[in-house]
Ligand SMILES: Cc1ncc(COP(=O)(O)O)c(C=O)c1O
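Listed next as structure tokens is one chain, alone, in the form predicted alone.
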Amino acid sequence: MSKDIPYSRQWIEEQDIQSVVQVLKSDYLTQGPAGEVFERSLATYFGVKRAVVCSTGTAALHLAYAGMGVNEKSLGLVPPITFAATANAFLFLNAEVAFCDVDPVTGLLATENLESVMQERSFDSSAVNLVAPVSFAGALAPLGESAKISRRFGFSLVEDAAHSPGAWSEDGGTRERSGACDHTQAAILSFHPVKHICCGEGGAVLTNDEELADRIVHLRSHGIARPNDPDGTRPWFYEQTELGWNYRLTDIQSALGISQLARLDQFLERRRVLASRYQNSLSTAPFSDIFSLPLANPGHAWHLYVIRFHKTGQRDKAHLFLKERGIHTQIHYVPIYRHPYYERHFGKIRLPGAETFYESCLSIPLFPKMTDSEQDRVIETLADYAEQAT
């Protein structure tokens, strides 16, 4: 019997294992040197002044929003095609949340709707108000255009780059890079096993704002500070100056992250090769009769490979057909506003672009360790489905 194929999977090699073993044999399992090494390595890779690592991608969102001053007077604007954490982190800080529609083809933030929401929605212009564009599936969000619109209304930007390390796009001859903070005050990463860099769990905030980075470091560790001790009489002394959280990343996880980051370009290249194979194999009939392929560009980071079915109901039938044959797929995403918690607190919301994308989308297997033969099996099984569906 053939082994099941997941929609995604981490790639752990001996060098990763040895990096973790070295930390396990050291004096520091947490709050040691590995975290700072990881932070410097991330800052260098993404070309930013600072990176602050933390316990999860959700913690990174929470810290970024809190560090920028989001509170109960703030408004956060979020596309609904994303994991709920992008919006939840605003609610953790008692801020208001509103949803901006997405392009029904790409699932990316629709900037024309962003502008409409800002024009129509009342908000406190004296508060810290944020937009959280999501670089969904590995395609870069429209950061430049979002920034232009946001500046007119006094909003700042935090890129949710959990899907897109290494992604880029061309805008008027200028290359925009995910996580580089060229148009945003901060960007966040996730180190969940299915992401580009695996730490087991983990996240990071990237920024070019030194003051913001220092504040996030403070909030990451309970809001505790160690005052200067010029005469050396109380080196042990510390004090909590405000309410923070325990969002530290361990040295064990940081060591794994350092090792994974060293292979990120290799992972990206393999993702792009696999995506190209899908594009070449699935672009003609019978596949094109039942689903469309994602828009491809050279800078796509291919966290997900999302096909979109033409007819309502076909997506769910295909999901079950593939699952029965040992091929696992996923839906990215149920729009946030459809979750029971959000319906209880926000009422019934339906945005046309998000609904169109959600009803048709299916993420099929794509991950760096995927073999050509595994991908061929996915393609062959999709062909079997297409034959019986047409």
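Each residue number is its position in the shown sequence, starting from 1. Every value quoted in this text rests on a predicted model; they were computed, and no experiment measured them.
The discussion below concerns the form predicted together with the named molecule, not included here.
With the partner omitted from this view, the residue of Leu61, Val52, Val70, Ile364 that lies near the named molecule in the predicted bound form is Leu61 [heavy atom within 4.5 Å]. Out of the listed residues Ser146, Gln253, Thr207, Thr82, Thr82 is the one that sits within 4.5 Å of the named molecule in the predicted bound form by at least one heavy atom.
The closest non-hydrogen atom of Gly202 lies within 4.5 Å of the named molecule in the predicted bound form.
When the named molecule is considered in the predicted bound form, Ser190 lines it closely, a heavy atom lying within 4.5 Å. Under a 4.5 angstroms non-hydrogen atom cutoff, the named molecule in the predicted bound form has Thr56 among its neighbouring residues. Contact check for Lys195: a heavy atom falls within 4.5 Å of the named molecule in the predicted bound form.
Contact check at 4.5 Å (heavy atoms) against the named molecule in the predicted bound form: none of Glu176, Ser178 and His300 pass. Comment: 155-163 is the region of 111-119, 238-246, 93-101, 155-163 lying near the named molecule in the predicted bound form, near meaning a non-hydrogen atom within 4.5 Å. Annotation for 123-147: the only interface residue with the named molecule in the predicted bound form is Val134 [heavy atom within 4.5 Å].
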